[in-house]
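First, one chain by itself in structure tokens, the form predicted on its own.
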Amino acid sequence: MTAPTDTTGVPARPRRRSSRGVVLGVVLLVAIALPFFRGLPAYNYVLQLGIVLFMWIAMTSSWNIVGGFAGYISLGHNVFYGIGGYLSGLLLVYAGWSPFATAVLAGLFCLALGVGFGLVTFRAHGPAFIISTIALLLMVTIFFDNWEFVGGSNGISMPLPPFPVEWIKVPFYYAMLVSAVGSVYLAYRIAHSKFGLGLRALAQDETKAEVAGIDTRRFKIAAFALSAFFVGVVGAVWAYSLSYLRPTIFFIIGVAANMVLMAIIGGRGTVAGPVVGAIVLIAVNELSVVLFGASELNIVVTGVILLGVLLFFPLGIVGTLREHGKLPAILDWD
């Protein structure tokens, strides 16, 4: 059987993939080149916005591995965000090691912790699993609040980055960009692997997946561990950008809730969904700050957006558009 062709006689699917690759390549090149355009209006603001956006893309894409592909909602995933930040921060304070050099180490440490935490939390199912992740977050928060070596609830200051003021944000921008691209690529590889197929099978019906021969417990723990890696990496980079470590920066449930919201808005269980969700929610937050200031109205606006998405895009933006055959080729990554 021959592949479907368009009006020019060229196979449609490969051409679509080729054009998608070109567009994504251009977007990536623009993102890479952006810091060199110092003449841009509000240059520092644009770079800071990029840092925040890439950080959330990395965290949401990572969370989506367990919360989307495997179907297990974790509300304690920012545990890895904070632990990654504290590990690299303490290595800087007490050993003088730059977090840019130890961020990967922080990610690997969080990956190993993900295995341990997964062995405990995945003893529960459904709502009990969600509660267990919240309990994990609370326990870790109490631990850091009372650990005097790291300053307890008051936190600890870190040395300022040794970069010229005019370039201070650039290293953080690129570190977050690499993390975002890496997390999306990891999610893409998982989605197109037998491992990803197994995760989606257990998300649909875990009992049937077990009957089919899938080691669901091992798959879930592996997904949990992999989803922790880039969260730990960006935690290390973000902590260094703030030059301060404090439990309330990292260990608040709102951080994990944002990961969930972004994945739901964009399309949980899709590769492009977390990216779209992060872009939409960050854009809405920035716009609401401009229009209403830093007030409670931001929360109201976010709630309205989420309600609208749930009503008109029940599977998220990417998932619903795909179901209706209207998903642009640029977002067809699954």
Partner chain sequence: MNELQVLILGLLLGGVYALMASGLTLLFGVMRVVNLAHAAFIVVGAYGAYFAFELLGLDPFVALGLIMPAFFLLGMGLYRLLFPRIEGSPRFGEMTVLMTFGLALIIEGLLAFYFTGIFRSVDPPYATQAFILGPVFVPRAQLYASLTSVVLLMGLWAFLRMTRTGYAIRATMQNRVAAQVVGVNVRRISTVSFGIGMALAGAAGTLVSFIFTFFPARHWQWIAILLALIVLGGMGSLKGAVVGAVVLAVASSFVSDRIGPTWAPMTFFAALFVTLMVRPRGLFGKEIDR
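Keep in mind that what you see is a predicted model, and the values were worked out from it rather than measured. Residue numbers count along the first chain shown, from 1.
Omitted from view is the form predicted together with its partner chain, to which the following refers.
Participant: Decide whether Gly71 counts as a contact residue for its partner chain in the predicted bound form under a heavy atom distance cut-off of 4.5 Å.
Facilitator: Yes.
Participant: Using a 4.5 angstroms cut-off on non-hydrogen atoms, would Thr121 count as touching its partner chain in the predicted bound form?
Facilitator: Close contact exists here: in the predicted bound form, Thr121 approaches its partner chain to within 4.5 Å, heavy atoms only.
Participant: Going by a heavy atom distance of 4.5 Å, is Ala128 a contact of its partner chain in the predicted bound form?
Facilitator: Because a heavy atom of Ala128 falls inside 4.5 Å of its partner chain in the predicted bound form, the answer is yes.
Participant: Are any of the heavy atoms in Leu307 no more than 4.5 Å from a heavy atom of its partner chain in the predicted bound form?
Facilitator: So Leu307 counts as contacting its partner chain.
Participant: Which residue, Leu108, Val178, Val115, Ala135, is the contact with its partner chain in the predicted bound form, using a 4.5 Å heavy atom cutoff?
Facilitator: Flagged contact: Ala135.
Participant: Among the candidate residues Ile168, Ile156, Ala257, Ala101, which is the single one with a non-hydrogen atom no more than 4.5 Å from its partner chain in the predicted bound form?
Facilitator: Answer to the contact question: Ala257.
Participant: Given that the partner is absent here, state which listed stretch (228 to 236, 182 to 190, 82 to 90, 206 to 214) has heavy atoms within 4.5 Å of its partner chain in the predicted bound form.
Facilitator: Stretch with heavy atoms near the partner: 206 to 214.
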